[in-house]
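First comes one chain, alone, set out as structure tokens in the form predicted on its own.
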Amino acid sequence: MSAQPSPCINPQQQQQTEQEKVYQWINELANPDTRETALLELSKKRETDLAPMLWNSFGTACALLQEIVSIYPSIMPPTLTAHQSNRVCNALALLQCVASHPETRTAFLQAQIPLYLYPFLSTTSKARSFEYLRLTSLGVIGALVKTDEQEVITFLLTTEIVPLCLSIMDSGSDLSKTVATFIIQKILLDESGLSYICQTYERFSHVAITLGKMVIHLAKEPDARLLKHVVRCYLRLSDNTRARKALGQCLPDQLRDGTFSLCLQDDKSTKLWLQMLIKNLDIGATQQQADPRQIGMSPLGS
């Protein structure tokens, strides 16, 4: 008779076996010959304790950065292949894990790891390999701002993340636009972020013009999720007195004339935000009208 199958593995033993595999894959990240498979396997694992293991294991952060830096030459001229894109996106998935974890987030920021992703965010190629790269890189930044922590916003405001996101909002795919707009929304919801955007007319106008273009695009190709983030950005801008006066003159008509009524019929929160926005602007309209360049937005650095 053939041997009978062994009894079911004890759940504790199975967990220990899986843990040992994770340790093995982390160790294999240090070896260029085994790194690709390890990246693939670890990117499928999202255990809550994976981030500390990755960050605190010797050489792992360096190995992940090597993966990122190694494809810089493929960005310009744009020669990135699907295989290269998939591999580096697996590394980015692990960095997103580190960015999301409360035990590793501060160290992640202190090491300025997000800056290594900015070259990817500045790419403009429409090829799928580049789009996947941009979207995954945005996911890392999105994971940071999702925490609503002051240190994250403080760090990001010292970098070029705002113009990078605005560029993607202007010309990226709908999915990339959605994540980039979410990042801008989270920055605006922070008091320091709102003050930063509204500090100068140039910053405010860049955001307002980009949002306006998105509204025009959405009027032609509705996307409820993207529209939700756009409306929330406008509403938050209207909390600033000077920005509210300027928005009174530049808010797209499509947000006032019922263009999006059908798109928002099942989205009570966005409909409420839109009503609040119009109310805020109507209140602002009763105040003295002025050139938005003269409404008190101070020059950069003043």
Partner chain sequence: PSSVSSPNLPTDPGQVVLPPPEPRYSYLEVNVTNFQLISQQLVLPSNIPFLHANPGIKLIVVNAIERTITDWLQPVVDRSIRIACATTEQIIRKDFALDGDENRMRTAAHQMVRNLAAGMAMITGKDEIARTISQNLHKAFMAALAGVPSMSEIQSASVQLANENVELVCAFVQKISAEKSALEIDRRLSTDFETRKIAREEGSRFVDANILSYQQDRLPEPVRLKVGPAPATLYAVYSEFARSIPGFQQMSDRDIAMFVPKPQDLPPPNVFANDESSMVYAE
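Residue numbers count along the first chain shown, from 1. The structure presented is a predicted model; accordingly, all values stated were derived computationally and were not measured.
In what follows, reference is made to the form predicted together with the partner chain, a form of this protein that is not presented.
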Item to check | the partner chain in the model of the complex: contacting segment from 190 to 198, 166 to 174, 221 to 229, 204 to 212, heavy atom within 4.5 Å | outcome: 221 to 229
Next on the checklist: At 4.5 Å by heavy atoms, is each residue in Ile216, Leu235 and Gln249 next to the partner chain in the model of the complex?
Outcome noted: no
Next on the checklist: Whether Leu272 contacts the partner chain in the model of the complex should be assessed with a 4.5 Å heavy atom distance threshold; does it?
Outcome noted: no
Checklist entry - Heavy atom to heavy atom, is Val162 within 4.5 Å of the partner chain in the model of the complex? => result no
Checklist entry - Should Gln112 be counted as a contact of the partner chain in the model of the complex, where contact means heavy atoms within 4.5 Å? => result yes
Checklist entry - Does the partner chain come within 4.5 Å of any heavy atom of Leu65 in the model of the complex? => result yes
Checklist outcome for this item: When the partner chain is considered in the model of the complex, the residues of 119 to 142 having a heavy atom within 4.5 Å of it are Pro119, Ala127, Arg128, Ser129, Tyr132, Leu135, Thr136, Gly139, Gly142
